[in-house]
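Only one chain is given next, in structure tokens, and it is the form predicted on its own.
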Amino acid sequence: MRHWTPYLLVAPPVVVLASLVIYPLLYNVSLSLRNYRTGEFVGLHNFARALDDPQFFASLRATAVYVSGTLVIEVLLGLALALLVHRTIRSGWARTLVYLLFLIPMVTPPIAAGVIARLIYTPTYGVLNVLLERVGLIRTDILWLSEPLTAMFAVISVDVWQWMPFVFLVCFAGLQAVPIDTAEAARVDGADGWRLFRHIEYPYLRSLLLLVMVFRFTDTFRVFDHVQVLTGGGPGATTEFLSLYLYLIAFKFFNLSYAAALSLFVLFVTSVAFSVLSRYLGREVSE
């Protein structure tokens, strides 16, 4: 009986993992090789169709722009704010207040964030246009959600508002590990802010930043909620990211086989990107 005890202990999570991950994946692969309506085996037809689908590549490009834009802005802005708070705010209660303020966006549901953003960017009575008109920066309403560049800016701004605090909190936690005496010695030796960050603080943040990029990459790549509420993929297909395109194919046009094939393409792309980031992360941790 002792010989079977380890297997019996491991069995429940393995069964749960198989039912929630492995079986859906195998079913998805099987579905991608068939015609969903007739059940006929069509082989790689759905994958070949994806390679000839210009809308799929358009959504892939839009997703790449969105992911790269959000990652760069969130990492740079979150790191800059973490350094600012770490170097300027010493009071414990003041730092606690900052933590609480930065937690508010993170606990806001994405749907609610999308609705709030829609009220901000809506023409005529939107808060942003009203403020810009009152300070004299514009004379006519800007159609934020009707132009490609401003629509992309709008959806990126919501993600930055909601998840830049996560980067801030992780970076600020990493800065707490920097030895105070080492930083003070560097200042006494004449190190300015950039040199202090480059040679003293950055080595403590390097692995954390890569870890943040891994988490944020996986999250931004599957974004759906606030984009669906804010733009619905428009104008045209400017913000029709892969998640929205898959949703339309599967639940609006009811072509589940083609959607399954596209999802496997997405899985391949994310797996490659994740493996690259994980490899760099593993190097940093081993060092």
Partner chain sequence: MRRRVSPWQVAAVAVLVVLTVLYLFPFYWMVVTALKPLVEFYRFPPTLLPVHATVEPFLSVLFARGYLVLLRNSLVACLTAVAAGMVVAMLIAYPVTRFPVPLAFRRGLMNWVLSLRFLPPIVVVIPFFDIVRKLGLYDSLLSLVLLYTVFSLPLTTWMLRGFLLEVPMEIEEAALVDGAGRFYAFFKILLPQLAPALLATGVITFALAWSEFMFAFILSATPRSQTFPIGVASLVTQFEIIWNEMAAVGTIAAVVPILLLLFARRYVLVALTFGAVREKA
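Residue numbers count along the first chain shown, from 1. No experiment lies behind these values; they were computed from the predicted model shown.
One more form of this protein, predicted in complex with the partner chain, exists but is not displayed; see below.
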Contact test, all of Leu79, Ile138 and Pro235, partner the partner chain in the model of the complex, heavy atom 4.5 Å
no
The partner chain in the model of the complex has a heavy atom of only one listed residue within 4.5 Å, and of Val42, Val67, Ala50, Leu31 that residue is Leu31
As a check of understanding, the residue in Leu132, Leu84, Ala185, Ile73 with any heavy atom within 4.5 Å of the partner chain in the model of the complex should be identified as Leu84
Segment assignment from 197-205, 177-185, 119-127, 147-155: heavy atom within 4.5 Å of the partner chain in the model of the complex:
119-127
Considering non-hydrogen atoms and a 4.5 Å limit, does the partner chain approach Val276 in the model of the complex?
no
Residue-level question: is Phe56 within 4.5 Å of the partner chain in the model of the complex, judged on heavy atoms?
no
Contact between Leu256 and the partner chain in the model of the complex at 4.5 Å, heavy atoms?
yes
Is the gap between Arg222 and the partner chain in the model of the complex 4.5 Å or less for some heavy atom pair?
yes
If we check the partner chain in the model of the complex, which of the residues in 96-119 reach within 4.5 angstroms of it by a non-hydrogen atom?
Thr96, Val98, Tyr99, Leu100, Leu101, Phe102, Leu103, Ile104, Pro105, Met106, Val107, Thr108, Pro109, Pro110, Ile111, Ala112, Val115, Ile116, Arg118, Leu119
